[in-house]
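Before any questions on binding or motion, here is one chain by itself as structure tokens, the form predicted on its own.
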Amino acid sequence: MKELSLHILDLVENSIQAGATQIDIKIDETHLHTHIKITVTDNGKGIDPAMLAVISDPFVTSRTTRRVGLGIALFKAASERCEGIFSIQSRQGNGTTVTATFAIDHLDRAPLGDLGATMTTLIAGYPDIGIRYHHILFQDSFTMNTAELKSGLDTVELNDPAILSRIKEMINDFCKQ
């Protein structure tokens, strides 16, 4: 994938397929002062240990529509290609956490991409899923919590185009720092 934000989108789609109702996305651009750390945690059904042992194999998937599952394999390869570390922790019934690091200045590291578009795509497509997005960039941080946003809206839905546009603008403004 051309952008790390597309990997995040794929991971969140996996979480939703696993029945998650709450998904936490954390991007830490100050991790060890040398790496970017991306963590996606969900409260889905979790992964059974046999599947977890082989989940980064592109020819292993839980899908019945096709025989390949490239998302996790590509994310792991992207991390390791950039002197990073990839891990998945999961317990059945308790959710899954996927973590990947990337050397900040590695020549092969993909850009973070359009995180505002990624987050608003997720909110628009899954307005009933709770999404917490936390991004740390140098001395600053940005946090968005869809549950808090929803509670602050009276009659307007969170996936209203004007609301989504404002969320996208706020995230992208933060990322431009």
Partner chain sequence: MAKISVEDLKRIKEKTSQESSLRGGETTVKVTVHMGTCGIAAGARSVMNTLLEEKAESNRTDIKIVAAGCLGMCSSEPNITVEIVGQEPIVYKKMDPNKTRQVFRRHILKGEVQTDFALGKG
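Numbering follows the first chain given and starts at 1. Keep in mind that this is a model prediction, so the values were computed, not measured.
The same protein also exists as the form predicted in complex with its partner chain; that form is not shown, yet it is the one meant from here on.
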Contact label in the predicted complex: Ile167 to its partner chain, heavy atom within 4.5 Å: yes
Ala124, heavy atom within 4.5 angstroms of its partner chain in the predicted complex: yes
Is there a non-hydrogen atom of Thr120 within 4.5 angstroms of a non-hydrogen atom of its partner chain in the predicted complex? yes
Ala18, heavy atom within 4.5 angstroms of its partner chain in the predicted complex: no
Within 1-21, which residues have a heavy atom closer than or equal to 4.5 Å from its partner chain in the predicted complex? Met1, Glu3, Ser5, Leu6, Leu9, Asp10, Glu13, Gln17
